[in-house]
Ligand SMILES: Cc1cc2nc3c(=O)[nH]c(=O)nc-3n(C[C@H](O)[C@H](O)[C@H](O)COP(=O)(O)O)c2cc1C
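This document opens with one chain alone, in structure tokens, the form predicted alone.
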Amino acid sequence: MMTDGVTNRHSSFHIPVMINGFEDQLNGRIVVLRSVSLDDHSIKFHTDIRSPKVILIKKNPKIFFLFYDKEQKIQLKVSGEAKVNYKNNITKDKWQKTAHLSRKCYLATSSPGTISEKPTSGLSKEIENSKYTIEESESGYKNFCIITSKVKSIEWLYLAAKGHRRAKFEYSNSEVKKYWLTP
């Protein structure tokens, strides 16, 4: 379901809740799932390097994702450790493959969360109306980063009228520990 969530925009696993924090600064938000690797147990999403979530990740790399599919009645709680990729081969390669319109998010003149006197996208009118070239979008690369989370554990919960079922998977090196848990 997670791998399907990467490419299937209609999957409920396409946009999990991501939670991170440091000391008393906890924050949760929706992110778009960009990559799931079963080989190295990682999850990736893109964000603006100026975002408060990046600041928190740099202070505390512990990260948590919550996925839920209402139809399947499945919840996943995924915990991991995050790394910020910025202006490296990972971001350079992905930026080159990022569509023209998708680059718009990184062209805002102000950092995410900046106070404004009026409602704003942070974009100029031209960019807001998608009147910019792929070449003009290149300036957004300076704000683009990729968060890679190394998955440490997954808790799976299946909700059923006859009785819920819950399991936990812990990853360390090449070993996977599996447990059944009481829901």
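Start at 1 and count along the sequence shown; that's the residue number. Everything numeric in this text was worked out from a predicted model, so none of it was measured.
One more form of this protein should be noted, the form predicted in complex with the ligand, which is absent from this view; the next part is about it.
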- Query: Is T47 close enough to touch the ligand in the model of the complex, meaning at least one heavy atom pair within 4.5 Å?
  - Reply: yes
- Item | the ligand contact in the model of the complex: R29, any heavy atom under 4.5 Å | yes
- Query: Should H41 be classed as touching the ligand in the model of the complex when contacts are defined as heavy atoms within 4.5 Å?
  - Reply: no
- S35 near the ligand in the model of the complex, any heavy atom under 4.5 Å? no
- Task: Using a 4.5 Å heavy atom cut-off, indicate which stretch of 50-58, 149-157, 65-73, 123-131 touches the ligand in the model of the complex.
- Result: 50-58
- Note on the structure: Contacts from 1-22 to the ligand in the model of the complex (any heavy atom within 4.5 Å), listed N to C, are I15
